[in-house]
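First comes one chain, alone, set out as structure tokens in the form predicted on its own.
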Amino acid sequence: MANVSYRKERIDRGIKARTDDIFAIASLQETLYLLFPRLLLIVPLVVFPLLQGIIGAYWETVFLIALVVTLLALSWDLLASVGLVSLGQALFYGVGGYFTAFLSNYLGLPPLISIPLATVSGASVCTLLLYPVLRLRGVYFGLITFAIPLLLMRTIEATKILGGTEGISGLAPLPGLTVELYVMVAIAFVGVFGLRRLIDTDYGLVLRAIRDNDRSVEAGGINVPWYKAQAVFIAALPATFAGAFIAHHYQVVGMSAFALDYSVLPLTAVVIGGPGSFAGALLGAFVLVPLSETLRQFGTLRVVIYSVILLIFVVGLPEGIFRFAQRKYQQFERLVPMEEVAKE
């Protein structure tokens, strides 16, 4: 006797195959197919700030922190897209916070002006700080970015500048938690969709080519350090904005703005969500931050748990949750009969 063996075959859905390069939608069903994952991302973020009476201010604050980590993770993801693996997102976050504190307290500027100014000026300063080391590759660049926030912390502590260990307090408050959440949600949307569009342009193609083989790009006559500097500036913008915004939320900024958590959390969020997708950074942040709050009782042991989670995803699901879900959504599987195999 003979039996039939089957193999599993993965096939792209028709709408996916037709919309890889151009949008060719044939029906309302396919329109809904394209809109569903986007609405699944957008609707919860828009609705959640309205639920304060149900979930309470505490979890809305957790939601705000998740948005902060999202912006830091977007910053990390763009740097990684250029081949710059950063271990110091706290640098951007802390510089943004201190800049807005200086502009608010010493120059008397309102948050509506100080936050945008701190975002741009902080990103510019961070770019100047990192420009001399942009030629470094791999772990060497990461080690420098890891060391700079620690160096700034010790400098502030030793010299007592910018308020020393007590920081700068009394910053102008923001209108309210609901308004803050919607502002951060809007910035997160701009970051996710804007960076996804940027990386798909010709400019983004150059950035990805630099990541893959910067020597070949340089041999083609392109100024690689200049492109890397532009990428650092663009990547710093969401992170410095997050630092400036949260400084006004808490009305204080201190050395804790350079804490290790602001470097570890974004990296872990991107790995969980899926590197290179930007939407994965948002998804990873909203998985990690609530989990982090749940693990708060473990104190500094949380960093160890983050490392274990990071290891699990690197080994078990390196593409991240978003890439995995995207692949499953865009494909279907079926069993295909193979040639009959004689039964022994």
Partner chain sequence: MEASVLLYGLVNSAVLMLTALGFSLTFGLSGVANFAHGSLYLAAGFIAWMILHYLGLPFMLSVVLTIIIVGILGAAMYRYILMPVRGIALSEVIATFAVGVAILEFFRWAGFVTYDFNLPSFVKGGVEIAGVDVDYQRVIIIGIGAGLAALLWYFSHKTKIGLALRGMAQDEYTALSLGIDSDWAAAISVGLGAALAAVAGLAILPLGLISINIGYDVLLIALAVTVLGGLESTTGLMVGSLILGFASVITANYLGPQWSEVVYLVAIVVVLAIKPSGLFGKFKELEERV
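Positions refer to the first chain, counted from 1. Only the largest set of C-alpha atoms that superpose within 1.5 Å between the two forms is called the rigid core. Just so it is clear, the structure is predicted and the values come from calculations on it, not from any experiment.
Not pictured, yet referred to below: the form predicted together with the partner chain.
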(message) Which residue, 179, 113, 139, 107, is the contact with the partner chain in the predicted complex, using a 4.5 Å heavy atom cutoff?
(response) 139
(message) Under a 4.5 angstroms heavy atom criterion, identify the one residue in 257, 232, 271, 187 near the partner chain in the predicted complex.
(response) 271
(message) Taking the partner chain in the predicted complex, would 64, 117 and 287 all count as contacting it (heavy atom within 4.5 Å)?
(response) no
(message) Can you tell me which of 36-44, 310-318, 53-61, 66-74 lies within 4.5 Å of the partner chain in the predicted complex, counting heavy atoms only?
(response) 310-318
(request) Using a 4.5 Å heavy atom cut-off, state whether residue 195 contacts the partner chain in the predicted complex. (result) no
(request) Examine residue 304 and determine whether its closest non-hydrogen atom to the partner chain in the predicted complex is within 4.5 angstroms. (result) yes
(message) Against the partner chain in the predicted complex, would residue 146 count as a contact residue? Criterion: heavy atoms within 4.5 Å.
(response) yes
(message) Whether residue 246 contacts the partner chain in the predicted complex should be assessed with a 4.5 Å heavy atom distance threshold; does it?
(response) no
(request) Output the sequence-ordered list of residues from 206-227 with at least one heavy atom within 4.5 Å of the partner chain in the predicted complex. (result) 214, 215, 218
(message) Tell me whether residue 304 is among the residues that move between this form and the one not shown (Cα shift of 2 angstroms or more, core superposed).
(response) yes
